[in-house]
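Before any questions on binding or motion, here is one chain by itself as structure tokens, the form predicted on its own.
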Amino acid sequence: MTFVDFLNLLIAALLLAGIYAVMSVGMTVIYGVMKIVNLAHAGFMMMGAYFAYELYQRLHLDPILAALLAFPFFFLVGVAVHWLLVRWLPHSDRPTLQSLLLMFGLWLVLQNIGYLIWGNTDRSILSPRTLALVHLGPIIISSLRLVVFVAAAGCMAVLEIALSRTWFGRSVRALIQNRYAGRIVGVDDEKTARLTFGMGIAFAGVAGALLATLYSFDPDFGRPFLLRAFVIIVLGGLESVSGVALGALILALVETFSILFVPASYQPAISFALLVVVLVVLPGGIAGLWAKRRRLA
């Protein structure tokens, strides 16, 4: 492998890490605040893909703009789902069987709605940007992946600002650190949980819409990406929003450079193997390792 090939793969991994981070951060904030493992995340990613597809096919709307419009739409959907279903779950410091069954059932419902409306035929979004390339000397970058990365990075930047400079962000960080202490100092945990769930579903919708511009999709579209999201949040730490970006980068690097040794069809197996290794070696994720080192220091 030449140095140029190495640079091309490295840039491809960095661009992939952006969309992986957006794909996973919704699960992280929901788990951090509510201790719910949102298995329905895959279903909402699938719905986000079809949301962008329908806007592009019917209204000829740019897929990237459609992905941005997915955020407010799926935020409202998430708030509605929380009000109708999630708020009745018992509060707990750990994931409960009720929450797992509810989220899994909701995923199956969304998946079957997808089959009912769109069938099992693979769909794809082919825009003028799909095959465009950017040449930087010997380095070749997909124009679409670059635009998707910029959109994903923008979403992550907005999230970081919201978490660090708004009352909602302070409430989220307080509940992630200690739910009961947060309630003692006046945090409205029910309202924060409702908005957090809406935000988590919104990021799932945006991620699905962005992924739909890169891959073909069907109603089972979200399943392989759900596994990748699990790997990322375990790598970064289940409750660490900042750790998501690092976890996404590690997975993207492993997947991208693994094509030098194994066929691309084995990437899901690579993700699963990485998940097992991390659970055994670093059960608290990289964020947990950092916290342990700070305590020892």
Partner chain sequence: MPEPVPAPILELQDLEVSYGAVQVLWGISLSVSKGQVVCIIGPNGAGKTTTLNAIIGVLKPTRGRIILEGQDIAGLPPHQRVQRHIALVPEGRHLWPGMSVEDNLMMGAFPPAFRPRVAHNLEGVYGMFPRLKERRHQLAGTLSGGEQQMCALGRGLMAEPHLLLLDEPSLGLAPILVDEIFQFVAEIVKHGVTILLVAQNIDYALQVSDYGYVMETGHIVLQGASDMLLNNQHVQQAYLGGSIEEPGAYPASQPAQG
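What you see is a predicted model; the values in this text were computed from it and never measured. Residue numbers count along the first chain shown, from 1.
Omitted from view is the form predicted together with the partner chain, to which the following refers.
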- [ ] Kindly indicate whether S171, N178 and G186 are, all three, within 4.5 angstroms of the partner chain in the predicted complex, using heavy atoms.
- [x] yes
Open item on the list: Can you tell me whether W167 touches the partner chain? I mean in the predicted complex, with a 4.5 angstroms heavy atom cut-off.
Closed with: yes
Open item on the list: Can you tell me if G182 lies within 4.5 angstroms of the partner chain in the predicted complex, counting non-hydrogen atoms only?
Closed with: yes
Open item on the list: To test your reading of this chain, name the stretch in 206 to 214, 112 to 120, 187 to 195, 79 to 87 whose heavy atoms come within 4.5 Å of the partner chain in the predicted complex.
Closed with: 187 to 195
